[in-house]
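One chain comes next, on its own, written as structure tokens: the form predicted alone.
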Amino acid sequence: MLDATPKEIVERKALRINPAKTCQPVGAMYAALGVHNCLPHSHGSQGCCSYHRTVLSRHFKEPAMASSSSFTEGASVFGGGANIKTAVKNIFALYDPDIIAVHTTCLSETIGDDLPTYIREMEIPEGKLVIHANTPSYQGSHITGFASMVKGFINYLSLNSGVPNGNFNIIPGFVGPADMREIKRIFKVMGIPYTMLPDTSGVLDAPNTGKYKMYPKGGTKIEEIVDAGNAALTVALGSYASEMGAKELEKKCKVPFITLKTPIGIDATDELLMSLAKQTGKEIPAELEEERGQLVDLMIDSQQYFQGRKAALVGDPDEMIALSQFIIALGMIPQYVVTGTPGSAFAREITAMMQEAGLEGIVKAEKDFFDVHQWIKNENVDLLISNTYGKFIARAEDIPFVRFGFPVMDRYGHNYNPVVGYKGAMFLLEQMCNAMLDKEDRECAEEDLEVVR
């Protein structure tokens, strides 16, 4: 399908081909779904809302609830104030959420809708809440939209009552519900009380009970978000998706924070556990030490298939930073590392890792799959790791391919397997090694087709 991609590279400044990101409201909608009894609301056209819901539903294979201000030509000219006030009134009457989380779209941002004023003027039933985040799609990506919505919840709801609760706040970043479950398990095993915001476990991986529930039992409760202002510390996992909310909580409620990598791979997971041990004075439990030992054993057993191999990585910045570190730990070379999200820290941080390891590669933010394909045509790689959209490059160039990140729309069950923590690293390593071995088995001479590898 992509066989026509030219090898000759021409610098592009105003054009993206096959973007390596989605738009801000997708991330904002995902964050809002991680709050209990919350209905995300898209302040724009029905078409925008349908797209955002579709991306989430195709990845998680679950319905992503959301409502829309249903802009038409009139709202585009005269503003969307009347639309959203009517929408909020109808939503509380028909769907009865505890809270509505409004995110803006390109259209409402361009015409300059004033959401704080609209919210002050709304008829909001007693005990119900409406919050908002500004998320124009022509800036940032779904990652910045996620970060803005988390900041919105904290800005509207969190309070410092002066009574410390002793909890740690966890802002997990744009990771899946299985990852959130694994991060919570690590905190439980460490014996650290926590509040996770947002928490999509139990919402986008809820079991099928035969009965449809518009608001599944999962999600961070509103009272927990309010009480987050009394926490001892906020742990922001991933600087791009989580640090904005942590900074807002520190600014508003004086809760200190630390920013760590998304715990993907052995080094980033070590960093999380060591930081928690340092902050709490607790020992790292034997259960987690055993899992680390299993991961090290698997890395040693499979090292012969990774050493010196080249990989191309495309995805969200927090995940790519941690994944690059894991790729280096496995003895591989992250030859091309790309994210569609803007931000100079991405290239700076990964390049520093590569220089420390004596490696060279291309690391770029705000690039697309077309760039990656052109680079591969000039110098091929042994493994491609990306979301579903990378499969066209993998097919065109016959590269072993591992689906990773968001969105993965052409496979099932991935959303139940975490990629964070030591257990997640083992799952990821298995996927990577087996993808390369499958190609070797397909293409080797008949006499080299081994039963044991």
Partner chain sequence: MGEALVVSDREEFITTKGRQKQPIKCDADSIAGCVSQRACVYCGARVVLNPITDAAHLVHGPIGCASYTWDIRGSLSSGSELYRNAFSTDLQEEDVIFGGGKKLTAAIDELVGKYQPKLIFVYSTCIVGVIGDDLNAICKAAALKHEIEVIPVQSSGFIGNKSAGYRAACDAILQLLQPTGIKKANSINYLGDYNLAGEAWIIESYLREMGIELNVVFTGDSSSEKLKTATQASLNIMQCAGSTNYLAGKMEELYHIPYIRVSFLGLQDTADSLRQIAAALGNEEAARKAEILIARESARIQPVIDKYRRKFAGKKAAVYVGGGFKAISLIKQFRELGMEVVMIGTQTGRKEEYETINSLVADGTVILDDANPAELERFMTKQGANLLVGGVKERPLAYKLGIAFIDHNHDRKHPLSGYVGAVNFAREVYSTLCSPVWNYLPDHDRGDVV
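Values in this document were obtained by computation on a predicted structure and should not be read as measured data. Positions refer to the first chain, counted from 1.
Separately, the form predicted together with its partner chain exists; it is not shown, and the next lines address it.
Distance criterion of 4.5 Å from any heavy atom to its partner chain in the model of the complex singles out 83 from the list 134, 83, 220, 230. This chain is displayed alone, yet in the model of the complex one of 209, 307, 378, 117 has a heavy atom within 4.5 Å of its partner chain; that residue is 209. Only one of 423-431, 61-69, 28-36, 396-404 lies within 4.5 Å of its partner chain in the model of the complex by heavy atoms, and it is 61-69. The closest heavy atom approach of residue 95 to its partner chain in the model of the complex falls within 4.5 Å. A residue is said to contact a partner when one of its heavy atoms sits within 4.5 Å of a partner heavy atom; residue 214 meets this definition for its partner chain in the model of the complex. Contact between residue 138 and its partner chain in the model of the complex is found at the 4.5 Å heavy atom cutoff.
Residue contact with its partner chain in the model of the complex: residue 10 places a heavy atom within 4.5 Å of it. In the model of the complex, 389, 392 are the residues of 384-402 with at least one heavy atom within 4.5 Å of its partner chain, listed from first to last.
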